[in-house]
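To begin, one chain is listed below as structure tokens, in the form predicted on its own.
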Amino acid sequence: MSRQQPNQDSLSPLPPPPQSLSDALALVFEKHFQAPPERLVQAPGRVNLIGEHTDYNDGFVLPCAINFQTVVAASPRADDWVHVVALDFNEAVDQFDVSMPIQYREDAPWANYVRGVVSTLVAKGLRLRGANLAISGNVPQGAGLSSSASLEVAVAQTFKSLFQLDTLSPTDLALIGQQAENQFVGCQCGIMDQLISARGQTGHALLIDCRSLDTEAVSIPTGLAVMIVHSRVERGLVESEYNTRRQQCEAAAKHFGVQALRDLSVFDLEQNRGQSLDPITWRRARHVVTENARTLAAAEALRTQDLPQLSQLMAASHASMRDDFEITVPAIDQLVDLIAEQLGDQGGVRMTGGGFGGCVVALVPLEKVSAVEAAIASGYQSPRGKRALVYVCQAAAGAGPL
């Protein structure tokens, strides 16, 4: 059952760097718990370079973790109580007992990501004790960069560290975070966000097979920056349209007699073009099938540093999201066109995320970063007159101690 989510529409300015974030968090922890924390743990946000709406179709995605993260300061307790302080919510507090059933809090949605992870750990039979936690993050909220998955994985990593849960692999942590979001928070997300947060590698994207959960690190050329540009268009209709697209994909898979659209070839899809599947559902399927192929090809283009090919693939991905999956909006299309004009065939740009607003992602040669930023500043405003927010990122490591 879907529950009310935190308001993700308000965006912060550029977040503080990780070191100042950790320092501020340690001070808040000591203020509330009268002792310094024993552990500092981080888990990053992410951006998906290509492979949109393929994850729940058992397909392929190519995200990278970014150097914006959720940080948890923590110490174990001698009892079974978890005490949490959320620095980003005016030092709001939550507490619950791990030896008792953990309840959803209607009045504090942020707390449910923590509660959900701990509840999932307990349900797996892992022996936990209480803990004092202080949490903060610099993953921009409302930008589609997976601040929620970053929080979930950070909490799971924290409890692993505090209670020596060494049997839990990074993939296990990701699955725990996904289960918490699916079953406790009530959002039916795929595995990509948590998996890249748990398993990211510095300087690399991660090609993820969303069926097997196999991953392959793919080096991002050192001369490329990962640029994320928020359109300042609030993401409307995301939940209802996401559910509709998912249903259409499931209907197409059933029509073709396959487990998921991942199992359908472009040839088989084209052979059915004039048959009984309705045109809209057919186009939805075409996006997913061709996007899977593009994602595999983009990983190869990164490996071989073939920027013209990568540029074409990202452009085709955006066109498919616009025309076949119909999840872009005019402002996003304008922003993509503006950046593409600056890049030519020496980088790539596309919408990223669920759609209907939000962000575009671009792989930009370092020498072109300033020109792209200037073009965005002079050539783009949202329909409400807001300037875009630009984040120039690096591909970062996954969850672990600070």
Ligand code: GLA
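The shown structure was predicted, so the numbers you read here are calculated from the model rather than taken from an experiment. Note that residue numbering follows the sequence shown and begins at 1.
From this point on, the text means the form predicted together with ligand GLA, which you will not see here.
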{"property": "Touches ligand GLA in the predicted bound form: Phe33 (any heavy atom, 4.5 Å)", "result": "no"}
{"property": "Asp55: touches ligand GLA in the predicted bound form, heavy atom cutoff 4.5 angstroms", "result": "yes"}
{"property": "Contact flag, Gly190 vs ligand GLA in the predicted bound form, heavy atom cut 4.5 Å", "result": "yes"}
{"property": "Any non-hydrogen atom of Tyr242 within 4.5 angstroms of ligand GLA in the predicted bound form", "result": "yes"}
{"property": "Interface stretch in the predicted bound form with ligand GLA - options 65-73, 22-30, 370-378, 47-55, non-hydrogen atom within 4.5 Å", "result": "47-55"}
{"property": "Within 354-379, the residues that have a heavy atom no more than 4.5 Å from ligand GLA in the predicted bound form", "result": "Gly354"}
